[in-house]
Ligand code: ATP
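Take a look at this single chain, the form predicted on its own, given in structure tokens.
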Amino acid sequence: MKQSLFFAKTRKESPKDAVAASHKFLLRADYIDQLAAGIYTLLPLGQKAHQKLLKIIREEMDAIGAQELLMPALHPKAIWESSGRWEVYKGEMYQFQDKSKHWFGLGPTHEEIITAIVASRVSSFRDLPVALYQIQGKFRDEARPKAGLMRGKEFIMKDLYSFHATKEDFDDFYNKASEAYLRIFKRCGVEAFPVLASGGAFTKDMTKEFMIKTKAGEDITLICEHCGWAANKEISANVSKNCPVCKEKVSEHVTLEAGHIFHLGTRYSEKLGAFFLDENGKRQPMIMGCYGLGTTRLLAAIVEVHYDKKGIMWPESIAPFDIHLLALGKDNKIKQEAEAIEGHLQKEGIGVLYDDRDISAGEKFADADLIGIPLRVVISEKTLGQGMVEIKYRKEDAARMVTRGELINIAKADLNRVNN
């Protein structure tokens, strides 16, 4: 893709209200556009990176037997009254009347909707387990939206719901989902770890959050390096210095929540009529689990882990393009060589952003560092004279010369490593 035609305009300065690194760089590199506080557009660069992330998530959800669907964002009041949460969510849920004076809300979560769907289709233990997920926009009336995509009024989430006949079956799937989350984070280039947390408005049971250590986080997590115990400090007020499991010293870390999974029990199934007949013909409520992961939030979290003072440094698995190709100089031979290399790379299935713009070399290098594509390739009079191209990985300091053939092999090897 020629950068002169690509819909992206970088900026040199960060907006005054941008504090978090991800907020600054995603705005400056034109991955996102801010419509209002907590409301953002994913621009073409942002959408391409987000789609890479969603591909990973879908692969891991499908691998544990979950099936994708898409539920409405507009929810009638009655179904939320059935669960007793219409009043509970009043401060966070956008609630309003339509022209017919009927009350609706914009979905901050979908337990009620998915439970009603499953209840109408499952009647026997033979129909269970069921695991369904969606990737959809969510709406929450955040009082203090901040840090760009990390806390917004509208955001995109992957929410998975599972239904089971027995606690043993639920526990097995819960563990599989937990392992799938860890694989997702690893493939996205971030190191996340599970911690004990509160269930909030979802459940009274203890839950599991997945945290990433970053100074941009909003949580304090207590961690025992000796046995691996970890918990959100908000539920561990009585833990001061020593781990409750092994009695060794714990330390505090600023963390960012990247995902959250819940044991819902039979709370929603009982209230919304999700029952089944067991092996003995006895009517039983389905046991439920809920597994949330904010995808736009995770996109920002990845940047919080992978950046330097010049800009973003995307992991290869999430980068909007595989290679940033820069043509330096006005000689027509440079343009011809750059276009030939772009064509070869694209034939191999390698995504290329080709900077063909009529601007200075310094501006091209600055934009390449800001945008953060993993591998930069430079064509110039110098490289033409040597019959080579210059390559440099975004996360490395040194550049080196390689032949066109070597470049193709390097790019293919990088792509294969990510895909496998």
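Please read these numbers as outputs of a predicted model, since none were measured by experiment. A residue's number is simply how far along the shown sequence it sits, counting from 1.
Beyond the structure shown, there is the form predicted together with the ligand, which is absent from this document and is the topic of what follows.
Asks: Does the ligand, in the model of the complex, lie within 4.5 angstroms of each residue among Arg151, Phe155 and Glu257, using heavy atoms as the measure?
Replies: Every listed residue reaches the ligand in the model of the complex, so yes.
Asks: Which one of these stretches, 332-340, 141-149, 125-133, 167-175, sits within 4.5 Å of the ligand in the model of the complex when only heavy atoms are counted?
Replies: One stretch meets the cut-off, namely 141-149.
Asks: Heavy atoms within 4.5 Å of the ligand in the model of the complex: does His75 have any?
Replies: Taking the distances in the model of the complex, the answer for His75 is no, it never comes within 4.5 Å of the ligand.
Asks: Given that the partner is absent here, does Gly292 sit within 4.5 Å of the ligand in the model of the complex, heavy atoms only?
Replies: Gly292 belongs to the contact set for the ligand.
Asks: Considering non-hydrogen atoms and a 4.5 Å limit, does the ligand approach Trp80 in the model of the complex?
Replies: Looking in the model of the complex, residue contacts with the ligand do not include Trp80, since no heavy atom lies within 4.5 Å.
Asks: Give a yes or no for His324: in the model of the complex, does one of its heavy atoms lie within 4.5 Å of a heavy atom belonging to the ligand?
Replies: Judged by the heavy-atom cut-off of 4.5 Å, His324 is well away from the ligand in the model of the complex.
Asks: Only counting heavy atoms and a 4.5 Å limit, does any residue of 385-401 reach the ligand in the model of the complex, and if so which ones?
Replies: Stretch hits: zero.
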